[in-house]
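One chain follows as structure tokens, the form predicted alone.
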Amino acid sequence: MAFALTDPEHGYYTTQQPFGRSGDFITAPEVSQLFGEMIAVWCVEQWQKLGCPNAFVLAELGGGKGTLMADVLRTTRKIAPAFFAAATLAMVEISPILQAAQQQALQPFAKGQWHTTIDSIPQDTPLLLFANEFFDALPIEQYIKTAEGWHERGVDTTGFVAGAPVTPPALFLDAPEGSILEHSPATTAIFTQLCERLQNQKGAMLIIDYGYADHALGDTLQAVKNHQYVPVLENVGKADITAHVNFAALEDIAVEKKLSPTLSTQRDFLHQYGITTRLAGLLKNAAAAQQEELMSQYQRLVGVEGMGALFKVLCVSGGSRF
């Protein structure tokens, strides 16, 4: 999975432009500006809770084409000029193609430093960070329950196969035969590093992704190409491969690091930060066709049949250095 997505020569994210209607999938920032505007409101609220520092890092992981950060900067420049002026922008992106797209999108704001890892994000001021559909693309391990017990799930020339024996968490020791359990060591490592950053720097982070709120069994590995699901082992390097995020595991890490996690659905988060009020303002000045499009975009973001329930939003805050 890591090779298929990030290999410098053959990887999907390093060689393709996956986002948007001309790509393979559409993320929430491309659905509507309303999404980025609500993230902006959250950012300003967290900055205010920090005491409105006159210098801080505003970071995004895996920023796609730069649409989300552009909406956040556009909105904060308008509603909170002091926030905008105080922000040092840090974009973490491994893809040269997407870095170039982000630089073009953010050029009007005259801000931006690009990083390929979290390590080089500045550490001398508080940190506000968000990541939309970032963790779902980190590689996972799968374990399958067979008649002989739990085994790592591997791949050979015939497809998926049972590999070396493993010991699962006690919660799933007696799961029925055929059960699949997923774990992402990369997610654990990166999220732990982010929590340690908050411990040292103070601040907050917002993780938005599709996933599940409780520890659970299930095969969520999937591939998408041209806005359609395709077999995972076909089109390797030419299709997006993802898995649902285990938000319960992320919450456990945050609590272990003595930070404060709050989990909600995307629907509840967007409503909490004023999406209906903003929508009403846009509808008031829109023609009939635009009103219909705005309502369709809104429903896609918050509808329980769309992104509203499947997508979760984890806010983590804390730290005491500054």
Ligand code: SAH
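Bear in mind the structure is a predicted one, so any value in this text is a computation, not a measurement. Just count from 1 along the sequence shown to find any residue number.
Separately, the form predicted in complex with the named molecule exists; it is not shown, and the next lines address it.
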- Message: Within 4.5 Å, heavy atoms only, one stretch in 159-167, 246-254, 126-134, 214-222 touches the named molecule in the model of the complex. Which?
- Response: 126-134
- Are any of the heavy atoms in L233 no more than 4.5 Å from a heavy atom of the named molecule in the model of the complex? no
- Message: Residue-level question: is A86 within 4.5 Å of the named molecule in the model of the complex, judged on heavy atoms?
- Response: no
- Message: Can you tell me if I94 lies within 4.5 angstroms of the named molecule in the model of the complex, counting non-hydrogen atoms only?
- Response: yes
- Item | Proximity of I144 to the named molecule in the model of the complex, heavy atoms at 4.5 Å | no
- Message: Please tell me which of T265, T27, Q33, Q297 lies within 4.5 Å of the named molecule in the model of the complex, judged by heavy atoms.
- Response: T27
- Task: Name the residue from A90, L106, L98, L181 that puts a heavy atom within 4.5 Å of the named molecule in the model of the complex.
- Result: L98
- Can all three of Q46, Q199 and P261 be found with a heavy atom no more than 4.5 Å from the named molecule in the model of the complex? no
- Task: Could you run down 48-85 and flag each residue that has a heavy atom within 4.5 Å of the named molecule in the model of the complex?
- Result: E60, G62, G63, G64
